[in-house]
Ligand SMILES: Nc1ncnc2c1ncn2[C@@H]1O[C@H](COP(=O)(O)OP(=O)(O)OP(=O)(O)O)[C@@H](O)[C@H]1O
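Just one chain follows, in the form predicted alone, and it is written as C-alpha cells.
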Amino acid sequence: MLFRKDKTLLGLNIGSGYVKMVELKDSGSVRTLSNFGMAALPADAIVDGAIMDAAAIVNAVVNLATNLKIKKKRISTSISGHSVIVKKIMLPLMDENTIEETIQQEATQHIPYDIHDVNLDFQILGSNPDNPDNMDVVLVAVKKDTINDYLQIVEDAGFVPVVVDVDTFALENSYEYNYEGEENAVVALVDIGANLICINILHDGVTCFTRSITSGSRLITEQLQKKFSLNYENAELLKMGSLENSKVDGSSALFAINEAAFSIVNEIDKAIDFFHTSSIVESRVEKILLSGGGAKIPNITKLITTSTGIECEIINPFRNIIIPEKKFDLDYIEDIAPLAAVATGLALRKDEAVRK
C-alpha cells in the first residue's frame, strides 16, 4: 500500500452567491497557492444552504474548473445552513469506541430532526476543565437529503467528493493555519455570505459557539436596487464600493449602504451578546475576523466594531500561504481574499486515501 504522492484536495466552496475553488501545493512545512478562482451564482440558486437550482450550480462549477484548467478531481467541500446542527455537549469520560456506540442515543436529545434522517459525526475535545470526570464533545448532524444534494452536484460536475465539511469548521481550519500563536484568544469568525451569516466562536482554539443566521449581504444589494433604481449587477457593484456604472453620488451611496447594513451588523451583535450571556466561558470575545463577500462592504468593520465594541478586522486566508508573483495578480488576490476563506480551509484538508 502506497500513499498518494499528491495528498492535497481541491477546495470547493459552494456558497450562496459564488462558487470558489482553491488549490494548494503541499511543500511540507508550507503551502503554496497553485490555483484560485470564483464564479457568481444566479440569485436564489441556494437558499439557507438548500439547493434550489442544481443545474445552474453544476454549470458554474464546470465552467470555473475549465477556465482555471483544473486537473485535480478529488475534492473537499462543505455545507452550511439550518440543515446543519452543531452542538457542544458534555458526556462521561469514555474512549472513542464506546462513544460511537452511545452518540446516536445522545444525539436524539440534541438534534431537532429524526435521527434516521441525519448523518452524525463528532469530535472529542478532551476532559471538561470544570468537571474532570466528564469530557466535552462537539456533535455535528447534517440532514441526509442536504448532503446527497451537494454530493450529486459535485459528481455531476465530474469531481470525486472525498471530504464533506461544515463551513464553520473549514473557516476555523483556515484561521488555525494562518493565525498561529493566537490560539489562546477568544475569537469570533464571522462569514457573511449572500444569504447566510455563519459565526464560529473559538476559545483556546476550540469551537465553543456556532450560529447560522438567515441573512446576508444580498439584503443590501436589494435595498440599493430599490433606492437607486438599479439592476442587480450594478447594485452589487455599488455595494462593493464601485460607483462607475451606478451614476450614484458617492456620499449618498455610502449612507445608503451603511443604513442597509444595519440589520446585518445587528444580527452579528445579538449573536455575540447571546454567547456572552449564555456561555459558561467567562472570557469575552476579543476580536472578530470577518470573511465572505460581506467583508467587502465599505466601512463594515468599522460598523461592527462600533456596534459590538469589539475590534473587527478582515481575515487573510493567504497570510501564511506562498503566492507566486509570476502566476497571480497580488493586488487582486489581496482584494478578493476574504471570499476565499472557506475554500482555503477546505483546500488545507489532506487526502488520507491510500492506493494499492
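Just count from 1 along the sequence shown to find any residue number. By rigid core we mean the largest C-alpha set that fits within 1.5 Å across both forms. This one's a predicted model, so the numbers in the text were calculated from it and none came from an experiment.
Beyond what is shown, the protein has a form predicted together with this ligand; the following relates to that form.
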{"item": "Option from 70 to 78, 189 to 197, 100 to 108, 85 to 93 whose residues, in the predicted complex, bring a heavy atom within 4.5 Å of this ligand", "value": "189 to 197"}
{"item": "This ligand contact at P317 in the predicted complex, heavy atom, 4.5 Å", "value": "no"}
{"item": "R31: touches this ligand in the predicted complex, heavy atom cutoff 4.5 angstroms", "value": "no"}
{"item": "Contact test in the predicted complex: E236 vs this ligand, heavy atoms, 4.5 Å", "value": "yes"}
{"item": "Partner contact for T344 in the predicted complex: this ligand, 4.5 angstroms, heavy atom", "value": "no"}
{"item": "Partner contacts in the predicted complex for 216 to 234 (non-hydrogen atom within 4.5 angstroms of this ligand)", "value": "S217, R218"}
{"item": "Cα displacement of V160 between this form and the one not shown reaching 2 Å, rigid core superposed", "value": "no"}
{"item": "Post core alignment: L120 C-alpha displaced by 2 Å or more between this form and the one not shown", "value": "no"}
{"item": "Core-superposed comparison between this form and the one not shown, I103 Cα displacement 2 Å or beyond", "value": "no"}
